[in-house]
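In structure tokens, one chain follows: the form predicted on its own.
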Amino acid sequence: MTIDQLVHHFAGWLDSSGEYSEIVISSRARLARNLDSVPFASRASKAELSQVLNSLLTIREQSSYLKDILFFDINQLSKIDRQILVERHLISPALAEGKDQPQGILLDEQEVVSVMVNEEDHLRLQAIQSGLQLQEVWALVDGMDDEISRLLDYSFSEKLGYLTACPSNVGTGLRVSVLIHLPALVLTQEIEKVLRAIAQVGMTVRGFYGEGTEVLGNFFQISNQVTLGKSEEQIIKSLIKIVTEVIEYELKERQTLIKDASYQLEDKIWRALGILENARLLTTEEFMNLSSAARLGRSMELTSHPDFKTLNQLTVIVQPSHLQKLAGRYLESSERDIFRANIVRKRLQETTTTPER
């Protein structure tokens, strides 16, 4: 599969399955690992980074997780192709920058499991699925890690655990996160209080594409901040507890909106849906905000469409690099706004049933 083919294929984690999938878009587990015989990526030579990449590619046939996996050489991809992988939450913005170093991404065709090679650490093993499925994605990435560790020697300390480029990842090297939709907490202005509470219990909140990115469409990434001194199970259970509490708070505030501002809420939702279905121009930010309102309406059963799977898929394919790849050429910002609106209108028309008002 090529990048050109990838944009016409929808990742498995967009299918709106899993618990609380109307609120939790995805769950992800990521492990940071480094090879014992090679300096960290920031200090390694090109030859040493090539050794890391070749070592992983060499063991593919011996791993059930990596055997039939796709490989993309970051240096062989255009800037737009790299950005497409960011928009699909497969690589980090840092890896997409491209540093003329041996770097790559391995992923399965469903985009559930993947491995970033020579980003901040030699290996970043990842699993991602729809809904609140943190135990499930951990099981996947743990199994992949066990296989690779039998074939390659990791950098490990009996005292500290797995050694990583960033001190915050030392220990288990595990980061688990959820991409969660919290529009009611934003509308009732309770979100800052919630974010402070999350920080106080050792969790962190990031933007739509992770560290250093902005919040779009009321989507937040909540993840653990510390990996040292806690077991993997402790980290996962802590995040599940926090996320469950945040979901309950979000649902409570949705009921507050229905009670105190029902007409304003319904007007906001139906206006957003009307614009999405009829607009001739849509910026990325406009789409994310309008689709957030549409998602809220659907999850509160105030509308009967669009379904969550459609909204999830649109969230990816209307991003700038996806649009240009679908168009087959570079698009100016104004051209992207027209093309984005066309795609949204067409997709909603294809999936819309007669709503009950």
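Each residue number is its position in the shown sequence, starting from 1. The model shown is predicted, which means the values in this text are computed figures rather than measured ones.
Just so you know, the form predicted together with a further copy of the same chain exists too; it's not on screen, but the next bit is about it.
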- Item | Proximity of R347 to a further copy of the same chain in the model of the complex, heavy atoms at 4.5 Å | no
- Query: Do R271 and a further copy of the same chain share at least one heavy atom pair within 4.5 Å in the model of the complex?
  - Reply: yes
- Look up in the model of the complex whether V243 has a non-hydrogen atom within 4.5 angstroms of a further copy of the same chain, and give yes or no. no
- Message: Can you work out whether E232 and a further copy of the same chain are in contact in the model of the complex, taking contact to mean some heavy atom pair no more than 4.5 Å apart?
- Response: no
- Query: Of I275, V186, I80, V112, which residue is found within 4.5 angstroms of a further copy of the same chain in the model of the complex when only non-hydrogen atoms are counted?
  - Reply: I275
- State the residue from E120, E190, E266, D145 whose non-hydrogen atoms include one within 4.5 Å of a further copy of the same chain in the model of the complex. E266
- Using a 4.5 Å heavy atom cut-off, which stretch among 148-156, 278-286, 94-102, 252-260 contacts a further copy of the same chain in the model of the complex? 278-286
- Item | Heavy atom contacts to a further copy of the same chain in the model of the complex at 4.5 Å, residues of 54-93 in sequence order | none
